[in-house]
Structures are given as structure tokens and as C-alpha cells.
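First, one chain by itself in C-alpha cells, the form predicted alone.
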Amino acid sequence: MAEEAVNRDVTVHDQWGQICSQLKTEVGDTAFDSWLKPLTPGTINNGTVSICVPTRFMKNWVIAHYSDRIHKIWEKKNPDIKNINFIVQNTIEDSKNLYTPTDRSLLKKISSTPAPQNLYQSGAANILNNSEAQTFGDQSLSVPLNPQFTFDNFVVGKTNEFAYAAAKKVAESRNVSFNPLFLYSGVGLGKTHLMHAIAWQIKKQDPSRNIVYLSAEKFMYKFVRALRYKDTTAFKEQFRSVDVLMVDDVQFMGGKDTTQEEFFYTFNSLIEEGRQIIISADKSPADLEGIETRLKSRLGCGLVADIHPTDFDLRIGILENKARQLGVELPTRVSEFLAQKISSNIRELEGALRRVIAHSQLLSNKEISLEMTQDVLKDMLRSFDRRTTIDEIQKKVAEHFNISVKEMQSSRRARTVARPRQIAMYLAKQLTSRSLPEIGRKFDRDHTTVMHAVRKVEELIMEDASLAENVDTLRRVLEG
């Protein structure tokens, strides 16, 4: 019996390892490391597999964003799996039945190591360790909100002042003249911060209001599940009874016609009843790809507010604000250096600051200096200096194979177009930090097409010397 138990545990861990490999490819390194890597598989009993989650917040987030996908992948690998149970483990003792001896040994070592007193954490890490993270409205619909994402913590500058003012107006006024509010920007410029800030402010002013905040992806999964179990009536009642509906990253509905249709009717129902809708995306309504014209029109019928890339002064303000919150003395030369070097993304800017502060505190509060900052961030700064974009990859690959970028993004399947397209997708995965869905959208494809292209090119490189040489040449040109 003991031997059978050991073999079963090995099988569970083997299966989880395979699932993690697939998930990492699908969601990208950053999301995987933040949300999925900390999970640990337990045992399988009567078709239910237990997965250990470090915190309650992480459990809620994983269930909201990844549980359906994990279940689907695991079911394919093991048809006996019927349910997945996410369990929060807060102590070493609680985890006896879910962790291997090696896992428990490592946990004990970590738990006995004191953490630095003021180590700066933001993003996923900050949310995970903050017990104030909450959900609003129906907890089966809403995702947790980051308590740090408030209006008080939002640094306003010329590039975001209009979006900030619009968000503040919606949050503080019961009736506004524009509905919906549509916020859009590139990655890491603050639209999610504003979305969370709106929710916190509304709830602060009127705790009775039913606020539902979720991603477009979760809306889609909920709707698909309702269709599968023939429970669309309950789905409609849930979403059409809210006071405030907030949907993040609506671009993920692109190409999902049935989901768009349901969202369109939900949208109309809420607007007609005077309920507030707040939407975010990475593009303006008119530029959203794969979204029906009538839905684009609806999304743009209220107020559309874009957040532009940060300017130098705003980046300085963000750094000074973060340093002040943490009680850290940040020399002017350091803040100016970081603001000059890291200009595309607030998350990356804050990540760089986090590394510098952590380095200072872990080395017995070593004073932060420009020289130390340059040394700590040398690898990051090198990557910024040679950063390659998907647009640049498409352009160079198209030129190399004598086709147009438009052809590469088209639906043509002729080998003269399909092979360069696959190579461009492969290089995008190798040379950028973009996730598979993000790469796919640049080629008007879904993430599974990108996965296939990457695997195909990897195979061809091993078999076809000429193609391998072409790929290597393009890589050297792009890395420049």
C-alpha cells in the first residue's frame, strides 16, 4: 500500500510538471512565476486533486483566472480528474499531507529566515502578502482588488491627467453624463490601477452598491460554463443585477462572437437601467481587433480616455512617491537615471526600484548610490538597450523573405507566406517578453497558432540547415 501511495504521488507531481510546462508557454514567464509557480500538487482522492496555494488571495486569483484552464489540461492528461480543490496552507503543520518531505524542508528553511523590514514589494507580490485584499459584490464573479491601487497612490501627470479626472468623476458621482467610461493604454501605464481605484472609492462612499470587477477572460469562461451546463438564465441574472460592472482587458473578447453577443445584451440592459459600466483595453474601441462593429459603437458611446506613455517628469514623480511611501532616501541622481533609462512601462520602472532597494536592505542597509544602481541593474539595462519589438521582427522578416507585413498578418496559407509568418512568431517568442496571446494578436491569430509555429520552427531548425541559417541571420540582425 505504501508503495502504491508513493507511485500515486509521483504520478500527481509528474502530471503537474507537464501541466506547468504548458501553462508557462501559454501565459508567459511573468504571469506563471507570479501566480502558478508557487502552487504545489497534493493528492488525488475520488477524482478530486488537491492543489496547495500559499495565500487566500492567491487562491481567489487562481480560481478566477486559471482554474478552468488547469482543469481542462489535467482532464486531458488524466480523464479520472473530475474536480480540483485549491487549499490555502498557512503553516508548515497544515501542509503535512500536501507537501513532499523535500518541500516541507524547504518551507521550514524559508519560514525560519527573517524578512527585511522594509523590503519593497509591488504588483503580484504586494497583493499576495497584503491581508486587506478584498473582493466586491458577488465573490464568485469579482476578482480581488489591490489595496495599494487607490487614487491617493496614483501619481498624476500630463500623460494621464484626463483619464484620472474621468475615473475620479465616475467614482465620486452617482450619476455621470457619460456611460460607459472606457480607459485604454499600453501595458503597465496605470489603467488597472485606475480601475481598482474607482472600485475602492465607490465602495467607500456607498458600501451597499453591488460592484463586480473581473477580466473579459473570466466573463467569457463564466458564459461558456453557463452554456455547457445550460444555466444561462442564472448567468444573465447575476450580471444584469449589478450596480457597477467593471471589465478589464476587453480586447480578449476579440474573435469570440458568442461571448460578444451576450456581453452586448448585458451592456445594453445595464445602460438602460442606469447602471455604471467601466471598461479597459489596450486599444481604443475603434481599433479593437475581432470586435463586432455594433459592440465597438457601444463601447465608444460614453467617454473614451487614453493614458499616454509616461514622460520624464511623471516617472520622476512615480519614483519619488514610491520611495516616500517606503521611507527610503532616493538620491536625485538615481531617480533621474532610472527615469531616463526605463521609459516604456511603470511596472518595469517600479520593478527596477524594487531591486535596488532590496539590494540595499539585504546588504545591511547599504546606501543607495548611482554606482550601486548601475551595477544592480546592469542586466536589465542591457536588455532595454537592445529590446526588440514584434513590429520590428515582422518588418525584418518580411523584408528578408520579400513579402509585405500585411501579407504576413493575412489569412493566406501559401508556404511563401506561412513559413515567414511562423519564423516571425518564433523570433517574437525568443526575443521579446510578450505572452503567446499578445504575440498572436499581432499576427491576427490565437495563442495556439503561435505555439504550433514555435514548435514547427524548432523542428525545422534541426532538420533544415538553410532555414536554420536564415533564422540565425535574422536573430543577429534583430539583436543588432
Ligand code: ADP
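Nothing here was measured: the structure is a model prediction, and the numbers come from that model. Note that residue numbering follows the sequence shown and begins at 1.
This protein has a second form, the form predicted together with the named molecule, left out of what is shown; the following refers to that one.
J.: Check whether L370 has any heavy atom within 4.5 Å of a heavy atom of the named molecule in the predicted bound form, and answer yes or no.
T.: Flag for L370 set to no.
J.: Does the named molecule come within 4.5 Å of any heavy atom of H193 in the predicted bound form?
T.: Taking the distances in the predicted bound form, the answer for H193 is yes, it comes within 4.5 Å of the named molecule.
J.: Residue-level question: is E392 within 4.5 Å of the named molecule in the predicted bound form, judged on heavy atoms?
T.: The answer is no: E392 has no heavy atom within 4.5 Å of the named molecule.
J.: Consider S185 of the chain shown here, and say whether it contacts the named molecule in the predicted bound form, taking contact as heavy atoms within 4.5 Å.
T.: Yes.
J.: In the predicted bound form, do L145, I211 and M246 all put a heavy atom within 4.5 Å of the named molecule?
T.: No: no residue has a heavy atom within 4.5 Å of the partner.
J.: Going by heavy atoms within 4.5 Å, which of 271-279, 171-179, 401-409, 341-349 lines up against the named molecule in the predicted bound form?
T.: Result of the contact check: 341-349.
J.: Here the chain is shown alone; which of F86, F235, F252, F149 has a heavy atom within 4.5 Å of the named molecule in the predicted bound form?
T.: Looking at the other structure, the residue within range turns out to be F149.
J.: Identify, from the list A167, I318, A216, L377, the residue with a heavy atom within 4.5 Å of the named molecule in the predicted bound form.
T.: Residue within 4.5 Å of the partner: I318.
J.: Using the arrangement in the predicted bound form, list in sequence order the residues of 144-166 with any heavy atom within 4.5 angstroms of the named molecule.
T.: The stretch 144-166, when checked against the named molecule in the predicted bound form, contributes F149, N153, F154, V155, N160 at the 4.5 Å heavy-atom cut-off.
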